[in-house]
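The data below hold one chain only, encoded as structure tokens and taken in the form predicted on its own.
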């Protein structure tokens, strides 16, 4: 058990806001849980960070990552932020159930470690500071699913459980996720100080973010030009993130400004969903009664959120026209990035003037019948690779079978075949298989793993983690995770508490 050895890394912790002062955070001790145990451990991430394998066997690591003790050298804290929730200004928010240890130097650079569900903080408001096993499994798995898909995201290091009871819609058991990211800074951090008229703290926080995360901007002239460049850079990162979300059919579900990362990461996994059938109007959050965060609206919501960020930055930029010009780049960047992402899914080489029309026509065809999004793209990848050896009718037979009414598909296919004429088709198919995943974290898969975990069987979580960390591989032993969703999947209800 290596009980005589002490945990490494005790001398490299530093606070995320150590140079800024206590206006940005409150020191908080985690609240212990009883009879804690491992639910899942991300050994792949641990290896990437440079953590030795034996540490997983140490009881003091389990204790620290469940919030029952504090890692040597760390000083847990919760940060303050504000934000818009469902388009309405909510005022002060903050880390209501998250505690950061601080920043650790690792083999992949500086990373902030954060416990989610470790108890009350000064920002818990009416909450209890806890997370439940159900939502924690979803966050643990989806963080790694997104990373496996190549989408910027916070990571999940570990998941601990406890029999302690937590009340949500029903009584559930407690859990704690350890999250890892270069930073958990959000749009809402800047909004908080701007809304309070605290320009000095706003400037200090932006300067800190630039120095720690965007050092290339230090070459830009200080003052308004640098802060405008910062806003433009965050706008670009957000456009890149949204294009990747849309391309895999990912619905975040609660894109409040306090859930938007300044680093362009996917953050705060709550009522998320990967689309089953392709429905642009799909709403994955049953708390979203107006459909504000429907799949097709996500890019526009991101743009709106960026304008909120721009408003917060005005005390530093001073010139509204400069701020708007930085933000308006989203309107040109996002469509190009989205077209590029979908062109890659189609295996298209180069760029043709008609590509956007080809993409839109296909998406409209999929939407008419709500064709299964992930299975369609995977079958299309296999079919395209067969074209050099089989006639189109034979190669695309399994793709055509996905449509009840074949007319739309039959109209679209000739234009696609014409576009592929000059390409090496086997290579195109192979490239598409590395772009269109076989596995995504469908809601019903997560639900099955959750139900197993509730009775103490965590094998479903481990098996899903295996395929989601390598979603483009075949994994023949887990073929059941790549099938169509069962009928009951559409009845799964996911809310903000999820």
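Keep in mind that this is a model prediction, so the values were computed, not measured. Residue numbers count along the first chain shown, from 1.
The next section is about a form of this same protein that is not shown, the form predicted in complex with ligand AMP.
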query: So which of 426, 96, 335, 72 reaches within 4.5 angstroms of ligand AMP in the model of the complex, heavy atom to heavy atom?
result: 96
- request: Counting non-hydrogen atoms within 4.5 angstroms of ligand AMP in the model of the complex, say which of 406, 125, 340, 318 makes the cut.
  value: 125
query: Exactly one stretch in 86-94, 344-352, 150-158, 220-228 has heavy atoms within 4.5 Å of ligand AMP in the model of the complex; which is it?
result: 86-94
message: Within 4.5 Å of ligand AMP in the model of the complex - does that hold for a heavy atom of every one of 276, 382 and 437?
response: no
- prompt: Is there any non-hydrogen atom of residue 268 lying within 4.5 Å of ligand AMP in the model of the complex?
  reply: yes
query: Are any of the heavy atoms in residue 130 no more than 4.5 Å from a heavy atom of ligand AMP in the model of the complex?
result: yes
- prompt: So, in the model of the complex, is residue 288 in contact with ligand AMP at a 4.5 angstroms heavy atom limit?
  reply: no
- prompt: Using 4.5 Å between non-hydrogen atoms, is residue 259 touching ligand AMP in the model of the complex?
  reply: yes
- prompt: Taking ligand AMP in the model of the complex, which residues of 58-83 have any heavy atom within 4.5 Å of it?
  reply: 81
